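The data below hold one chain only, encoded as structure tokens and taken in the form predicted on its own.
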């Protein structure tokens, strides 16, 4: 029985990979993300957090890109290349953690709202609708300002304002799964709520959850950068705080275009990669999209 299950998993993975390879854009996004994550992970092996220290800046102020400094320097003579490299750790970490927390909250609320009908499901969806109508950026900014500047508070502020869309998606999929005949047979045989949600619902919503998580990371990175630019940061160097510093120290008036362009391009490339990969996963894992294709 175990070997049969393992064989089925291998076949499912091989089918998934065969389908995913046909999406060139998604494959390109996955490669870019792999490179970005690897660079962020190995950064401490080559550089230290000192590259973000003002007193460590020994270069010329607002020096343009050159052979010595490929991406130029900032207002303190620090290397933009090294700061973008080190800042990727904060931006990606907050993006992944915020997306994970958002998806966990959305999964729990969505499955509970879809499985438990009546007043409980209705109450959960009213709470979800209430969060949906809140201006997410303003709410996240207020929460970050109240809770203080740290990685945990920024992650929490982003997750609290982004989980409702995941909850609605998971609820719709849960309702579709529980309308199938084998769910009624399980209930007739005495299956409880835990058995139905963990053995039948979760395996069927997991593929959509994977695609949703990938897209949520992209959204979280953009939100973190926006919050940092508006002044609510984790007090660590990130792509968003670099854009804020370029504004504060007059990069535009000093014609230091590289100080604005390089962090912006880093955000654009990584977010685009997550989006391309997420759309490809959605097309491969969502049965409705697969049928339309």
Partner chain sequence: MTTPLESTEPAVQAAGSADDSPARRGTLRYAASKAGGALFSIAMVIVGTFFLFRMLPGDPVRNLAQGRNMTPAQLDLERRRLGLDKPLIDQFFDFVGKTLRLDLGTSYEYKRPVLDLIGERIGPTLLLAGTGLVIAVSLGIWQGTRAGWRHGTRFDRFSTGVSLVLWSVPTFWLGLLLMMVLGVGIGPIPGLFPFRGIESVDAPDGFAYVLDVASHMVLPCLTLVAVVYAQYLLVMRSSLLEEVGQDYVTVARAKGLRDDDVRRRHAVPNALLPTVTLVFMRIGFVVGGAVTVETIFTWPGLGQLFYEAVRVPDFTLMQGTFLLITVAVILMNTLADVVYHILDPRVRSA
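Numbering follows the first chain given and starts at 1. Computed from a predicted model, the values in this text were never measured in an experiment.
Form predicted together with the partner chain: not shown, discussed below.
Not displayed here, the partner chain is kept clear of residue 62 by more than 4.5 Å at the level of heavy atoms in the model of the complex. Residue contact with the partner chain in the model of the complex: residue 272 places a heavy atom within 4.5 Å of it.
Although the partner is absent here, residue 226 lies within 4.5 Å of the partner chain in the model of the complex, judged by heavy atoms. Of the heavy atoms in residue 252, some are within 4.5 Å of the partner chain in the model of the complex. Remark: of stretches 143 to 151, 106 to 114, 174 to 182, 71 to 79, the one touching the partner chain in the model of the complex is 143 to 151 (heavy atom within 4.5 Å). Scanning 88, 128, 213, 219 against the partner chain in the model of the complex with a 4.5 Å heavy atom cut-off leaves one residue, 219.
Checked against the partner chain in the model of the complex, the residues 206, 120, 133, 188 give one hit for a heavy atom within 4.5 Å, which is 133. Residues 225, 226, 229, 230, 231, 243, 244, 246, 247, 248, 252, 253, 257, 260, 261 of 224 to 262 are found to place at least one heavy atom within 4.5 Å of the partner chain in the model of the complex.
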